[in-house]
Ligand SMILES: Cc1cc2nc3c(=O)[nH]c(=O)nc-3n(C[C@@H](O)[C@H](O)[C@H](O)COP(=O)(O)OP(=O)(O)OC[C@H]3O[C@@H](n4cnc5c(N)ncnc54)[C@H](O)[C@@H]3O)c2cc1C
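Only one chain is given next, in structure tokens, and it is the form predicted on its own.
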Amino acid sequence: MDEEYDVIVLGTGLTECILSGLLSVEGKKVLHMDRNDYYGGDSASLNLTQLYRKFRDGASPPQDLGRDRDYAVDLIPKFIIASGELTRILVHTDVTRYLEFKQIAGSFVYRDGKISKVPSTEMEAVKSPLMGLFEKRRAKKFFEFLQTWKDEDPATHQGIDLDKDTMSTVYEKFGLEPGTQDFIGHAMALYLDDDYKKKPARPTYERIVLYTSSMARYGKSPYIYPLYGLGELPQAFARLSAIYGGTYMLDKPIDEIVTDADGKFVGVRSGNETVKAKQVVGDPSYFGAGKAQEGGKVRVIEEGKVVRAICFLKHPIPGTDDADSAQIIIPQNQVGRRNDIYVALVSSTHNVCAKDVYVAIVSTVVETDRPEQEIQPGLALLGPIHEKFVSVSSLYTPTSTGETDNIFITRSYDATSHFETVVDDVHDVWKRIFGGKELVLKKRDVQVEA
């Protein structure tokens, strides 16, 4: 380990693997290390043995769940938005050749005690129980307004300024009911809470357009998902890095981040070996995750917590037309909360569990000191639960940009149901590493087979 590298990357979570892949393509000499003996870090997919090791102190999995190797259970439940930023990176880097995708069968929203499909076509919208007849007309006008909007043509603006008017103002102009606002803001724009209503409308407009264009791409839902679980994503980017000369070391304890007298990064110590590099990138768990490090420096702080329950079911979720995969959004207003609750369902069709087993993951941002009770409305939708694994994870964010000490720390995976914020973090870290230079992805027509 006495070579010197341009960048050492710590942790093989998706954010870190995308960065190591892109840095290698850029011509950087990259060493990628992980304390675990598997890829994926917090965003790994585990087999049964690994899952029971993590959540049940190594107890043996019950026989009735089938073969160990049939399982790849995601620790973080997220789906890929078909026309989103992660898809662009996958296509740009040609990482898609290592992956196969399948569509998620349906997107649902919880309203007044029951779940309804989020309409994916005009026909479904007309039939949807989510809105009454007059409200459907108003919503139609709202969507037509979004579809015909052209920045350069004031005639399409109907007196609205997307950069100045708040989203509340836009909703009021079209006379949309609170329930419809819930459905648009949470099931389509995919906001976790209602803070967006007080902000200028443009980001919401862009999110709805992203949702509808993703929906149009494959039909049934705007989401795609990799066969064999989300843990395939970091591995695919790790392969990309390796092709471009990146070096990988798994199962390697990281004992110290070595800095010089001025606090600048020098290298990483593992046991009695120290490997040197100009810069280090890594997830918060390698930088104290809230605890003061050498010299009393706190490098990351906790911003909140997320509770997640991985549930094995022996049946599809009731009320989803027996969908083999689905997302259900429970808007916060429906259950008197500040943050939405998400349910993500996948099954053996995605090669992530044994036949006739369904994996549902219920998650939300923690608001009280009784996190498991907070996801109860989501758990209640699942029917009988065969096996349940609950975790509460802290969300860490770096205390500095890293530009002064060459230590660039990524953020924890948030409670959103998709990867757009992960890609935002990739762009942000890239910019910090390169002193403000943007990550530029070449334009290619985004087409992923699903």
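Nothing here was measured: the structure is a model prediction, and the numbers come from that model. A residue's number is simply how far along the shown sequence it sits, counting from 1.
Only in words, not in the display: the form predicted together with the named molecule, which the text now covers.
None of 225-233, 93-101, 169-177, 139-147 except one has non-hydrogen atoms within 4.5 angstroms of the named molecule in the predicted bound form; the exception is 139-147. Among residues of the shown chain, Ala125 is one whose heavy atoms approach the named molecule to within 4.5 Å in the predicted bound form. At the 4.5 Å threshold, heavy atoms of Met188 reach the named molecule in the predicted bound form. Shown alone here, Ser116 lies farther than 4.5 Å from the named molecule in the predicted bound form, counting heavy atoms only. Residue contact with the named molecule in the predicted bound form: Ile361 places no heavy atom within 4.5 Å of it. Put simply, of Val73, Met131, Val300, Ile257 only one has a heavy atom within 4.5 Å of the named molecule in the predicted bound form, and it is Met131. Proximity to the named molecule in the predicted bound form, taken as a non-hydrogen atom within 4.5 angstroms, holds for one residue of Thr212, Ser348, Ser83, Thr247, which is Thr212. Residues of 383-401 are not found to place any heavy atom within 4.5 Å of the named molecule in the predicted bound form.
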